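Quick setup: one chain, the form predicted on its own, written in structure tokens, and binding and motion questions come after.
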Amino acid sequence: MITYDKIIIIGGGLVGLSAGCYLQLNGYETEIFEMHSVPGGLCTSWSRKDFTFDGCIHFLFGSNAPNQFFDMWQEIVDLKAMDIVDFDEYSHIVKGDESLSLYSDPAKLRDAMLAIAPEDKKVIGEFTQAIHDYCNIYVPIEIAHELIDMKVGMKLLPKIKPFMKFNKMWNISIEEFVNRFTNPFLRATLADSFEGGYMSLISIITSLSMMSTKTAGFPIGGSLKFAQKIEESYLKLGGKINYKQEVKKILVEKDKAVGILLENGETHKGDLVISAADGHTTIFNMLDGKFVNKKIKNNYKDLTLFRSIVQVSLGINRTFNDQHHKYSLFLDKPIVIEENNTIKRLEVLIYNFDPTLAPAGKTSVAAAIEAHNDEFWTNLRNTDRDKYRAEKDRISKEVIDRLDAFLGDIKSKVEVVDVATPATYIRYTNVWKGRYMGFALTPKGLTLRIKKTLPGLKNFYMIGQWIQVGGGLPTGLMSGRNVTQIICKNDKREFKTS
């Protein structure tokens, strides 16, 4: 029988907090070490004067019942006690004089798309029907895939059969699907507006279907407040968190993880070490690349990553009650973001739906821009801080210009400007390349199974979005839950959720 008296968790983001909650629920003593001063990791918000700028949640899978993710969230945080706002649109696309509301309701979306592109009736019908059909699909997320043996799989088979018919949508990218349209506007805008055309088509089918059933809303108060609610649960369960404690190395003796070494020189011993930090930092920095094989090396060399961003956040002294909450805004005049990266689209979030993020009569607004070169930003910040600030200032002014031209009455009303770059994400979380969601949900990545263990290393697990392909907070929740299931099985304990 295996017994772990003390489990060390590296990282106090949503993943580490999730693992901590489930492990505490199952009778284990855990201690989290987090480099930042607040919980949440990349699930965060920050304050500038009277404004709060959100850096994570656009919509939360499982925000309402009935939903499998909702049931899981309820195990560690009371979503019923939170104010949730649901959206009728995924976003509103604007390109020149043409526009399209990407409604979450598949029937409304079908009608809106047909009004623009009647010539694409067949493809539109397939797309919106898939969203409708996916709404009540069962996916076996409550069981760690490592624990699904032949016997369990046979029991699940009748329930997951409807899910299998979506196989063709796993294996095609959004861009490939969009290329089936003949309408010039749809071909020019849809792939970029759906989080990048490189993603698997199933990613947007999932998002729109969950939004249509009102189970993918936004928790009022934003990302940090949400993370703090889970931290509160963890502490009530008896867990311990150490802030401003960056882990430098994972201590290994005789190929067994036995603790951690902090940047300040302190060591802490444990019977089991779980890293909720990003995979690259864990494997190649904390463990010096000693426990790898060819497959692991190839993953970090060849697989597509979610892209990083530059986020321009604005505190504006006016309301936007008549505007959509999210725009995919295609620009007449592109913006140069970094060397060899000229962007033609802004993803604009107008937080007119959350009154807690700005004073009355004012609004927090964020424009997200895809960044292709994290090294450009980190090198610039490290070598020429003045030029780094100047670049951020230049980009923010260009964004303000474009928003002023589009929305009007912006320039004179901006009270606060904040710019986050890939260097910002690295500075606060150490995440590799500033990528906030690890390996992307591409057709190739979707079928990837990344182990939570490393070859030749005992008493160690890796969890998080770098081993649970797909990104988003629910994968973090699942990862912490799943590793606890595995530990309980190895320890011959019944897995408990309350």
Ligand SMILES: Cc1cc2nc3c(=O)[nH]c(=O)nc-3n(C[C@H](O)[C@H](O)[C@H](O)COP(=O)(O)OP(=O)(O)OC[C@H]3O[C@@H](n4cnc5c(N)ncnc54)[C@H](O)[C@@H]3O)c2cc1C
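Because the structure is predicted, anything quoted here is derived from the model rather than measured. Residue indices: 1-based, along the sequence shown.
Below, we refer to the form predicted in complex with the ligand, which is not included among the displayed structures.
Interface membership of residue 10, defined by any non-hydrogen atom within 4.5 Å of the ligand in the predicted bound form, is confirmed. In the predicted bound form, none of the heavy atoms of residue 19 sits within 4.5 Å of a heavy atom of the ligand. Taking the partner from the other structure, the ligand in the predicted bound form has a heavy atom within 4.5 Å of a heavy atom of residue 465. When the ligand is considered in the predicted bound form, residue 433 lies well away from it, no heavy atom lying within 4.5 Å. With the partner left out here, the ligand still marks one of 264-272, 239-247, 390-398, 76-84 in the predicted bound form; by a 4.5 Å heavy atom cut-off that stretch is 239-247.
Within 4.5 angstroms of the ligand in the predicted bound form, the stretch 38-58 places a non-hydrogen atom from each of 40, 41, 42, 43, 55, 56, 57, 58, taken in sequence order.
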